[in-house]
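Take a look at this single chain, the form predicted alone, given in structure tokens.
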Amino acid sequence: MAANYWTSSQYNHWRFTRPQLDRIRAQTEADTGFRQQDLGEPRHLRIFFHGLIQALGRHLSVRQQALATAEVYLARFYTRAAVQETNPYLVLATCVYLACKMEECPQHIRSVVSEAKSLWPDFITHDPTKLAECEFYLIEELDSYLIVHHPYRSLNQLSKALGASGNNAGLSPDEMQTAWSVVNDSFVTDLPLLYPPNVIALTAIYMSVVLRMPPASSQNERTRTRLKRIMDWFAGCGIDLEDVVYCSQEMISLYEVWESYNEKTLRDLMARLIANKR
């Protein structure tokens, strides 16, 4: 296992620029003949899949890091495969099964199949060989690069460093919880395919503190001093602040799109897609 993100397969093989990622998806559309735009707003679909993975994780009592790994697997997989040519329920159940093995919290294949079947009885069979076959397909599409580095460790390290910088700059428990939630929600976006974990972690801190500050006209001296200290700390992190701003805009855009999300619409869409494959 690569302990360092910068020498990992994630950095060397599964990190892209936005134009590169767009080209890969365009090539997938050309190869499969299926268009992403036929599925509606892409982020609505990602929100739907996110909810399905979280539901299966709760039924299996899977820890959050393994579920985050499953979401990264799913995002990577669908850069190379079209949703329309798969059974997404089987694919995401397989992602959870494989992620649990890689994150050293393995689940028996029959348990995963059983819980998935209880959640989505119309789309999952009791036959575990279907999931086993899908696992081979998934690993192949991921080029067998299965180690995923997440922002959680960076968030803990950076929050401690911020607290050590003094002048009341550290995160409050409420701010830390908000930052943690931003990291969790980042897996609904393309950010894990575009940016290193530390940039996403810094984005979470930025959104939990700076973007929640009261307007300048309402800030007291202590708040202004704290904000200056935090921004000085950001400037000294050696990170391009434009990356943090871009990631913040992506997250804000996600939350705006989330307001128009309708789960039933996506559930009906998936049912039609799978019915058309039968």
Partner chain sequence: MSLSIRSPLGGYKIRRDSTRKKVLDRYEILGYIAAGTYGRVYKARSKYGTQQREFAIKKFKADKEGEVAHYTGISQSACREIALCRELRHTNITTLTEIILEDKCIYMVFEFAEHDLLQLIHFHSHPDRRPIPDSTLKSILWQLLNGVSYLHQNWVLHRDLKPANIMVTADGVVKIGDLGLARLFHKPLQPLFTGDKVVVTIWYRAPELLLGSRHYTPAVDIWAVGCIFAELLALRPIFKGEEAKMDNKKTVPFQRNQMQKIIEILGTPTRESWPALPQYPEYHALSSFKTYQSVLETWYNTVPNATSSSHANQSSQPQQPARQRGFQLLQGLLEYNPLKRLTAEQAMQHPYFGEMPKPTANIFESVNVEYPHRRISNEDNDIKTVSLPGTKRSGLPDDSLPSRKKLRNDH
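Numbering follows the first chain given and starts at 1. All figures in this text were calculated on a predicted structure; none of them were measured in a lab.
What comes next is about the form predicted in complex with its partner chain, which is not displayed.
Would you classify L158 as touching its partner chain in the predicted complex, given a 4.5 Å non-hydrogen atom cut-off?
Result no; L158 lies far from its partner chain in the predicted complex.
Contact with its partner chain in the predicted complex for Y145, defined as at least one heavy atom pair within 4.5 Å: yes or no?
Looking in the predicted complex, residue contacts with its partner chain include Y145, since a heavy atom lies within 4.5 Å.
Give a yes/no on whether L193 approaches its partner chain to within 4.5 Å in the predicted complex, heavy atoms considered.
Answer no; every heavy atom of L193 is more than 4.5 Å from its partner chain in the predicted complex.
Might F77 be said to contact its partner chain in the predicted complex, defining contact as any heavy atom within 4.5 Å?
Contact with its partner chain, yes.
Only one of 170 to 178, 185 to 193, 204 to 212, 122 to 130 gets a heavy atom within 4.5 Å of its partner chain in the predicted complex; which is it?
It is 122 to 130 that comes within 4.5 Å of the partner.
I need to confirm a contact call. Of V72, L90, L162, V112, which residue comes within 4.5 Å of its partner chain in the predicted complex, counting heavy atoms only?
By the 4.5 Å criterion, the partner-contacting residue is L90.
Pick from Q36, S248, Q54, Q65: which residue has any heavy atom within 4.5 angstroms of its partner chain in the predicted complex?
It is Q65.
So in the predicted complex, are S8, D31 and E103 all sitting within 4.5 Å of its partner chain, heavy atoms only?
Each of the three qualifies.
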